[in-house]
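One chain follows as structure tokens, the form predicted on its own.
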């Protein structure tokens, strides 16, 4: 069966802040110049915003550029930051750290938001302008012209059984062709991975480095609620050589809600470390537990974050397409913010491609338009300046003093010199290559969850609303079925059963005789991509499942 093919001027993959900002800006420009411009956006989640997960403390700079009257339009920015708290935690105590003006953690002028709600609102603004939004359609394949330039994307076939046979509800995927395709898939995008290889986009940058972020939403006792308060911490329960930290944000949304989360850098070396259990343990710190006691947890989720920053930005343009948002990685790590930079990248992409896609005779050497102006404009923008100034903070963590050495470096070279030091530190390499063999590491004893403040993994995953059609081809694929037991289990004691925040991977006894096998519970997958990033054998390949599957974060 042939696929149905449709033609647009611009196709955007991913309905996050970057993709929607690009779509909105394109239609704004089309209206200003009275041009007909067809913009189509595909998003694998069943609704715009359903897969969106972030802290989130939003810096509104890019939003104000894109939609100056966002307040009048009802943007869900309901909680301006009124108070900033930063602590170094020990097991029982906290050491307050002053947040001086100019430090990246200062949040004056920012808003605590539920990013899924904000993204849904952006989707409404895009639709009003005439953007065609297609939620529930997963972009599974990049299409190419004969000259090698990008032609567009194809969505995956649906209604295929696990064994590959078509079911009664089988439907062929569709092709969307465009003059230029924007890839804004988010962190560690499935198609972006292919594009890096196809166009050698990473030859002149450091490897990307990542973190896993875990988040919960709680309704707490109203007496403990401080709307507008942000709390951040570093230190316990992580040792000083494991990068990470926490946040606890008090939302002002009509009920006493707090959003809290824990972030662990995926360059950690001990295969026994379990980010989910570190998160649960952190909540028992006296300073944190005091807020949560008597409250009720109502939501859970997890996602990976790009932490490579300036050094890890790949080449962003290639014939027929370009990369925007968290896919190439524009997160400002010390700020723990990437939404404003992602949105700005989408705006700049739209402004660079608009004159080319609306020209009567596009000036292009290839069938797919190449727009190097996007990269040039990004390098002249505040995004580049911002990421350059903090470029050394994350890699400065790799020193004999770990966390404390990194904090001293930040104080001297960022706060005093504003990132003007004449050197650029390098990252350590792929996160997958940082694990030490289990025999060289000490197992970590984690306390049992109490069911009041800390919880087990499966009851947590149940709160994420994750669901996939059970009878479909696997989207968590192994390049070699023998590697998990022969290498990951034998050398690293099966770290995938710990670093996955959704209980997807577990080693179970084989049905006949001795030995173990890796069981993959793909139904649980929350699409965080941590397995694809941290697997020490790089044997797991995450591909998109049928559109509409995955978590249902409903405004987290």
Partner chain sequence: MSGRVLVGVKRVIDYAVKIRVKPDHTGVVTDGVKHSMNPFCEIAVEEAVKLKEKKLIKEVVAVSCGPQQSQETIRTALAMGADRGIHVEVSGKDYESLGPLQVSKILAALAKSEEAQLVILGKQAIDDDCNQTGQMTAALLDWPQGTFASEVSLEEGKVKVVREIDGGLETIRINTPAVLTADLRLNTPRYATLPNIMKAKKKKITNVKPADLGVDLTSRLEVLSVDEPPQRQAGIKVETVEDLVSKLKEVGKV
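Positions refer to the first chain, counted from 1. Just so we're clear, the structure is a prediction, and the values are computed from it rather than from any experiment.
One more form of this protein exists, namely the form predicted in complex with its partner chain; it is left out here, but the text below deals with it.
Listed stretches are 291-299, 404-412, 223-231, 350-358; the contact stretch with its partner chain in the predicted bound form is 291-299, by a heavy atom cutoff of 4.5 Å. Looking at its partner chain in the predicted bound form, residues 4, 120 and 552 each place a heavy atom within 4.5 Å of it. Within 4.5 Å of any heavy atom of its partner chain in the predicted bound form lies no heavy atom of residue 72. For the chain shown alone, residue 322 is not a contact residue for its partner chain in the predicted bound form, no non-hydrogen atom being within 4.5 angstroms. Heavy atoms of residue 255 reach within 4.5 Å of its partner chain in the predicted bound form, making it an interface residue.
For the chain shown alone, residue 469 is a contact residue for its partner chain in the predicted bound form, at least one non-hydrogen atom being within 4.5 angstroms. Contact annotation: of the candidates 207, 104, 449, 159, the single residue with a non-hydrogen atom within 4.5 angstroms of its partner chain in the predicted bound form is 159. Only one of 100, 486, 95, 169 comes within 4.5 Å of its partner chain in the predicted bound form through a heavy atom, and that residue is 169.
Taking its partner chain as it sits in the predicted bound form, the stretch 317-342 never comes within 4.5 angstroms of it through any non-hydrogen atom.
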